[in-house]
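The data below hold one chain only, encoded as structure tokens and taken in the form predicted alone.
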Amino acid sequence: MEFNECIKYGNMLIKYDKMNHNNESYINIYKKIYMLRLVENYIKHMVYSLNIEHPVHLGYGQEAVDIGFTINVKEGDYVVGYHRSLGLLIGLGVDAKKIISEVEGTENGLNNGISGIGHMIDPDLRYISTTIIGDNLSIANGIAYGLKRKGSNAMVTVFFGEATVSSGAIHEALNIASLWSLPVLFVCIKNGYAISLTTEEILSNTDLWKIAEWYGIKGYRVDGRDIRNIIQIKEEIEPIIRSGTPVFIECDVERLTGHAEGLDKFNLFKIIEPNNENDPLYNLEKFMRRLGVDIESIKEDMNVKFNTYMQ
């Protein structure tokens, strides 16, 4: 993928250079992304060492989007996930061991081991998810409608992949959100594939943000490989959404792994190696080193704590 702009809406370019975040806030963000990478590496190893048969969808390459939109969710806001949502849970602050235990199917898991990786919920954090493609969009609208009727200033953020844009559910959801002026942020994570088919093979128009304009909703396109873009666009649009105006964001990322661990027959394309410009963790590390942050010490400390914690 080629990205000539950081964030765009029509011809308007929004740059992250006006952000005013200190080193401490970036360290907190980095720890979330690195923790997510540790959790997913652990789960990936677990899938093959324990021969887990159910598919496990990991989010290598989309960490900036997951963490960027969830790390500072306001009190009263809701997040609706989908089948690839481990990053959303980490961003919201769910305990890593509870997530891993849920994937293992043990009673120490977030939902006592009965939900699996795709249907985890946390009522206290106002988080729910479903693996049924497109269903989460209607759920998000329903929650947003309830918030609006209560006169709340809260909003709902719902996540989905580009394959959902080829379904009828997206049209129904965008139409209702626009018609009823619902406070919903639609986050489309475009990683280039729908299982083993490329985006170009499933969609005749790959400018996904344009679909929102059919329903009178502003659509943005963001380079999702750099979390600074995500944080900036979130700060720009939150007041708009809370006023009752839905927004659609296409977040372009690169998939750094196959469709699902344990389903190798669908992993038919070349896997992109991490630690390059397509890796959100690498991009954030490069930026923070320029700020003078000792990344290696942070990583070493987190590795030790995680390994000790998981024993």
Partner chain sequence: METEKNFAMAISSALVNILKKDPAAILIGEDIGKYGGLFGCTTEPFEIFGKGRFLEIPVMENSIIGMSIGMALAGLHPIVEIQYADFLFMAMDQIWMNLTQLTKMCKNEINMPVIIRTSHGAGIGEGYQHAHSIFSLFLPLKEINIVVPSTPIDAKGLLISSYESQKPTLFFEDRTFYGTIPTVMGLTDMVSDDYYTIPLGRARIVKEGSQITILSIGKMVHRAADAIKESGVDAELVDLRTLSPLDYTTIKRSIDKTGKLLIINEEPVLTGFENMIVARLLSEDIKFSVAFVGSMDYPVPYSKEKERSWLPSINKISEAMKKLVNKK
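The shown structure was predicted, so the numbers you read here are calculated from the model rather than taken from an experiment. Residue numbers count along the first chain shown, from 1.
There is also a form predicted in complex with the partner chain; it is not shown, and the following applies to it.
Engineer: May I ask you to check whether Ile114 falls inside a 4.5 Å heavy atom distance of the partner chain in the predicted bound form?
Structural biologist: Contact check for Ile114: yes, within 4.5 Å of the partner chain in the predicted bound form.
Engineer: My question is simply whether Ile195 lines the interface with the partner chain in the predicted bound form - judged by any non-hydrogen atom within 4.5 Å.
Structural biologist: So Ile195 does not count as contacting the partner chain.
Engineer: Flag Ser138 as yes or no: does it have a non-hydrogen atom within 4.5 angstroms of any non-hydrogen atom of the partner chain in the predicted bound form?
Structural biologist: Close contact exists here: in the predicted bound form, Ser138 approaches the partner chain to within 4.5 Å, heavy atoms only.
Engineer: With the partner left out here, check for me: in the predicted bound form, does some heavy atom of Glu172 sit within 4.5 Å of the partner chain?
Structural biologist: Answer yes; at least one heavy atom of Glu172 falls within 4.5 Å of the partner chain in the predicted bound form.
Engineer: Of these, Ile211, Ala96, Ile237, Ile128, which has a heavy atom no more than 4.5 Å from the partner chain in the predicted bound form?
Structural biologist: That would be Ile128.
Engineer: Scan Ile121, Ala163, Leu92, Ile217 and let me know which has any heavy atom within 4.5 Å of the partner chain in the predicted bound form.
Structural biologist: It is Ile121 that has a heavy atom within 4.5 Å of the partner.
Engineer: Which of these stretches, 224-232, 200-208, 187-195, 142-150, has heavy atoms within 4.5 Å of the partner chain in the predicted bound form?
Structural biologist: This holds for exactly one stretch, 142-150.
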